[in-house]
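Before any questions on binding or motion, here is one chain by itself as structure tokens, the form predicted on its own.
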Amino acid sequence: MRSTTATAPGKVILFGEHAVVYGRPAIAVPVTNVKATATLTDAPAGAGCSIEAPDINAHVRLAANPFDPLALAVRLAIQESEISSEPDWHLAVTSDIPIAGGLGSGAAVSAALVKAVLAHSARSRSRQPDLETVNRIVFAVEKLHHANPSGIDNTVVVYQQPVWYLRGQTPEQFEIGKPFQLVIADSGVASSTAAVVSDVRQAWRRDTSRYDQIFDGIGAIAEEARQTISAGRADSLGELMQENQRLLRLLDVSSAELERLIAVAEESGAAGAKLSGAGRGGNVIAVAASENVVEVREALLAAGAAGVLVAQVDSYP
């Protein structure tokens, strides 16, 4: 039986979360230390299509679960492959990306599944799937997950490149002037992106002028951060992270636990730190010089972080 395996990495938003939903720019980068892996294997004739996701104790039959996110990713990829009837396939998907932590776990799982289906189907065809197609399908699944996603998660995860993202425009990859390191601490607190984004939207509707000013400030920080990163001056990112976090507090998307981890990171040698993603849980990211990374990581673990990753941000091939 034929078998095809595909992977997709995690991601973090460096700057621009929440404001990106309202037309301001954001910067996000892949986190290749963690990934989702999907393996598609031909099944016996008549078996139909099933999806196994042991990390979430899910076993999905394609025909019986039309609104399941895993099934939607596979079904849309099958439609794109111009397969007219349900194929006899078994897909197994695993991930070491923390769930509901702001690292793009949902987008990575969808991307791995879609890439596996399209690559498997392409073996009998003359064309290979393009990343634009994968991105379009994964974004459709993100809408089921998050109701009103910005599109940044699927874009970074699919293209596996640092991305400058402005909603409604083609994502722009950009150069990293000099590699730098992030320390990513999992607070251990799960957070619903859809719920937090919804709360921010309701608050924006109540006081549009005030929230637009905050979003403008976050967008301006993202603009400055891009120039700083492209120029290879990562040592200047700490202050930008601190200012970005101040504005995120005004959006009421931080939490006592996130603030505690941010303080620990900065007190142990990080140049700056902020939440990453929707907030009220999930991850804290800190930028630190190479000589301080180990100390920052150990301090965060000692402070009770559920897990800590060290990721190098670079321009990927």
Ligand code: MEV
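For every residue, the number given is its place in the sequence shown, counted from 1. Just so you know, these numbers come straight off a predicted model, no measurement behind them.
Not on display, but discussed next: the form predicted in complex with this ligand.
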This ligand in the predicted complex has a heavy atom of only one listed residue within 4.5 Å, and of Asn244, Ser187, Thr193, Ser95 that residue is Thr193
Residue within 4.5 Å of this ligand in the predicted complex by heavy atom, from Val264, Val287, Ala278, Cys49, is Ala278
Give a yes/no on whether Leu300 approaches this ligand to within 4.5 Å in the predicted complex, heavy atoms considered.
no
Taking any heavy atom pair closer than or equal to 4.5 Å as contact, tell me whether Leu14 reaches this ligand in the predicted complex. no
- prompt: Can Val20 be called a contact residue for this ligand in the predicted complex at 4.5 Å between heavy atoms?
  reply: yes
### Message
I'd like to know whether Thr155 contacts this ligand in the predicted complex, with contact meaning heavy atoms within 4.5 angstroms.
### Response
no
Testing 68-76, 193-201, 222-230, 176-184 against this ligand in the predicted complex with a 4.5 Å heavy atom criterion leaves exactly one stretch, namely 193-201
